[in-house]
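Single chain ahead, by itself, as C-alpha cells, in the form predicted alone.
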Amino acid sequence: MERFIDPRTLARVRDMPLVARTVADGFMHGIQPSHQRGVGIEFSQYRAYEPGDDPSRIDWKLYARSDRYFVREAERESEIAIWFVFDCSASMAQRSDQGAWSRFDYARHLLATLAYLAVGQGDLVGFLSLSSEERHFLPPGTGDRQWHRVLRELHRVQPGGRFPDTPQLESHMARLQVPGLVILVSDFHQSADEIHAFVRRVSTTHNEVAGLQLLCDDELAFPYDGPTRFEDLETGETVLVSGRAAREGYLAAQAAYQDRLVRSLGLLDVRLDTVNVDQPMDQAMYAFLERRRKRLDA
C-alpha cells in the first residue's frame, strides 16, 4: 500500500506544515492544538507500547519497575481534525490520451501523501470517500497506525457511479462540521449547484473547507483535431465531434464553468486549487502547500 507514496513528493514537502485556518481556539503558526492523544503539554495517562509508537515516548523508569513498555499520552487543548474527502465518482477515472495517471490514481497518491504529512505533525486524520454506489468512512485518529488505515481505505476504493446527492450524505455531515479542516479532492465536474450544496452543508464558522480540483492535459488544452468520440463516464452517453471545430466553443464553455465554480465556492469562503495530474506530483504538492501558507500568513 506504500505504492501510493511518491518518494520525490515526500522529499520535497515533508517538512512543510499542512496548515489549517479555523476560528475555533486559534492556531500557533498553523499548527493546530488538538484534543487528541499524543505528545502534548499536559500528561494524561499511560498505555501499553504498540509497534509504530515513537520510542522516545517510552517511560523508561516505569519499564525498570514493571519490566513492561509503556508510553506517555497527553491531552491538547481542543479537538481539531483534518478530513480528507475523496470524490470517487466514475468521472475520476479519466486520464489524458498520453497521461500516465488517471485522476483517481493521482488522487490516491496525493491523499496518501497529505495524510502522511498530517499524521507526522500529530493531527487527527479522518477519511471519507463519496460516490452514489458506495462510501468508505474512517473516523479520525492519529499516528502511524491511522495512516496505514487510510492507506487500506485508499486501496479498497474504486471509481464508479455519480457524486452522491446531499440527502445521501446526511449521516456524515455532522462529522465534517466540527472544528478543523476538510479537504475535498474532486474533478468538480458536478454542476456548480451540486458542489455548492455539499460545501454549504459541510462548511461552518468553526472549520475550513479547501477544494483540490484534479484536471488533465486533454481537458485543459483540448488537443483534438479530427473526428473524436467522447464518452461521459458516469452516464455512458457518447458524442462525435470535429475536434478542430469544437475547440473554441469547448474552451470558452470550460472557462465560463470554472469562473462560476470559483465564484460559487468563494461565496462560502472556500478556496479552490487546481492540479494538473499530468504534471509532477511533487511540484503540485509544494505549490498547494505554499499557497496555503501564504494565504494564512497574509
Partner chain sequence: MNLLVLLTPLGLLAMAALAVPLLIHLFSRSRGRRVLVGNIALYRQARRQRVTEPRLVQWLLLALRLALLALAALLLAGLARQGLETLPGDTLYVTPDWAARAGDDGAFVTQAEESLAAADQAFWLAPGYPTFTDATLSPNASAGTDSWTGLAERLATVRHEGQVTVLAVGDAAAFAARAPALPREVRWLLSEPGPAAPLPSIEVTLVTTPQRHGDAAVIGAALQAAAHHRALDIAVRTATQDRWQAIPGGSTGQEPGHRIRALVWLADGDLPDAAAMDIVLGDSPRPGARRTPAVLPDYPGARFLAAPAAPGNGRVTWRDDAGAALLVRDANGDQRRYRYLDRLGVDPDGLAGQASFPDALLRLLLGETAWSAATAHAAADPSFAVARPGAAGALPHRPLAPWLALAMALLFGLERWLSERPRRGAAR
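Source: prediction; values computed, not measured. Numbering follows the first chain given and starts at 1.
Another form, the form predicted in complex with the partner chain, is not on view; read the next lines as being about it.
Contact here is defined as any heavy atom lying within 4.5 Å of the partner chain in the predicted bound form, and by that definition not a single one of 174, 200 and 273 is a contact residue. Residue 267 falls outside the set of residues with a heavy atom inside 4.5 Å of the partner chain in the predicted bound form. Contact between residue 223 and the partner chain in the predicted bound form is found at the 4.5 Å heavy atom cutoff. The closest heavy atom approach of residue 108 to the partner chain in the predicted bound form falls outside 4.5 Å. Within this chain, residue 196 is remote from the site of the partner chain in the predicted bound form, having no heavy atom within 4.5 Å.
Annotated contact segment (heavy atom within 4.5 Å of the partner chain in the predicted bound form): 89-97, selected among 89-97, 117-125, 133-141, 154-162.
Of the residues 263, 68, 61, 229, just one reaches the partner chain in the predicted bound form with a heavy atom at 4.5 Å or closer; this is 229. The partner is not shown here, but in the predicted bound form the stretch 239-259 reaches within 4.5 angstroms of the partner chain through a heavy atom at 239, 240, 241, 242, 244, 245, 246, 247, 249, 250, 253, 254, 257.
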